[in-house]
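In the block that follows, a single chain appears as structure tokens, in the form predicted on its own.
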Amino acid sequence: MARVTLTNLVKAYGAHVAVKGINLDIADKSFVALVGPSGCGKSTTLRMIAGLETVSWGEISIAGKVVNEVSSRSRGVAMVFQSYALYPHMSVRSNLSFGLRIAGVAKTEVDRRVAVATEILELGPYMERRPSQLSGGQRQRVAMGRAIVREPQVFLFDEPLSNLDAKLRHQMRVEIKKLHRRLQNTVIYVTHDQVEAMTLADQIVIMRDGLIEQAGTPAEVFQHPANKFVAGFIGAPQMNFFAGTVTEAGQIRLRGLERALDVVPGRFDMPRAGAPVTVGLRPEHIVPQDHGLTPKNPIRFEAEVLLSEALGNETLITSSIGAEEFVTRMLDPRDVADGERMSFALDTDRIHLFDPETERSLRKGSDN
């Protein structure tokens, strides 16, 4: 079993605390993505698991054993770095086998493991080439192969695709997913790219300022964000936010809309009448007329187009309700002129509500 458990994990650099007492239980054979903005502590957490950073406080256990004082090479983990970390003067074959040979592994065993990694990653044609003779995607596959030959219990990935172009990133996401399905190891994957996190991981852990804001499946964090930060971080374009006020009838009044928004009964812990509330709506839930699925319980309004961005399969429209801008998707694209007046349908069944002060979700049963 390769369960990884972090208990009250802290990392301090003098007065600066990079990781602030996080708790996380990563199941055996799962694929977990640590995601968040730069400086949130995700890479520091990964490096502590790898044994490349010391733990200031708390415990890390792998397969039931506390490893705080265990050397990196003895933890049963293998790490794939953003920079590939290949030896430039060595061939692919030598890069794959070097660590095993240094560790004193028998030649027959080295050859077996290298052959397995070569077959999995389809590296056969490149075995005698040096890293400078490989593309970025090929170099990353060699870096993954070097991790595979160690036969670790846990694979650690530190933003492995950030140096690749968009097409190669997609191809490598497929390779990594296939690798996990084949080997069934536990994977901990650090990225700032939410697309990587959403498409690869079984569980997503969103971090900010050294703390975990929410952990859950991709569907859970997208559909039921625990707070405004998670709601704005997960999803592209990000969720739209509006300042609202609770009415005596338990509806939500937004400036710039004639009608108040109905709230699904029992879904939220509603504040008292007159209280401010933050309303969130994803771009796909403010629908341009005749260019998306019509909501069941819409509020219709007109607004001027401030900006249109044609992306081929869709067009992003920026407009405003009152003085607050919003972005929506036109799923059946047509030419849209800046300044054009358009009709929209706001889906009242899909609203999210947040406390303006704490920014926590007001949805009943949310992780507050």
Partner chain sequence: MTVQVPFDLSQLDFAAIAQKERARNRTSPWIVVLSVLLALLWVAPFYYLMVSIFKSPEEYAGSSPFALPEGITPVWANIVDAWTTANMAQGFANSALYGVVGASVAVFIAALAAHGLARFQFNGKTFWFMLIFAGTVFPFQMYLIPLFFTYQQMGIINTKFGMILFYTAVCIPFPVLVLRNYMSQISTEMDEAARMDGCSEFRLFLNIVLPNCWSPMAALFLLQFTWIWNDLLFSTVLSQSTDVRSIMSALQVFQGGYASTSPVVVLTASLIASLPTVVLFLALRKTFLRGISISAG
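Positions refer to the first chain, counted from 1. The shown structure was predicted, so the numbers you read here are calculated from the model rather than taken from an experiment.
Absent from the display: the form predicted in complex with its partner chain. The rest refers to it.
Contact check at 4.5 Å (heavy atoms) against its partner chain in the predicted bound form: all three of 83, 88 and 150 pass. None of 144, 261, 77, 287 but one reaches within 4.5 angstroms of its partner chain in the predicted bound form through a heavy atom, and that residue is 77. 73 is the sole member of 73, 296, 181, 255 with a non-hydrogen atom lying within 4.5 angstroms of its partner chain in the predicted bound form. Shown alone here, residue 99 lies within 4.5 Å of its partner chain in the predicted bound form, counting heavy atoms only. Contact annotation for residue 47: at least one heavy atom lies within 4.5 Å of its partner chain in the predicted bound form. Within this chain, residue 311 is remote from the site of its partner chain in the predicted bound form, having no heavy atom within 4.5 Å.
Of the heavy atoms in residue 52, some are within 4.5 Å of its partner chain in the predicted bound form. Only one segment in the set 210-218, 223-231, 270-278, 91-99 has residues whose heavy atoms sit within 4.5 Å of its partner chain in the predicted bound form; it is 91-99.
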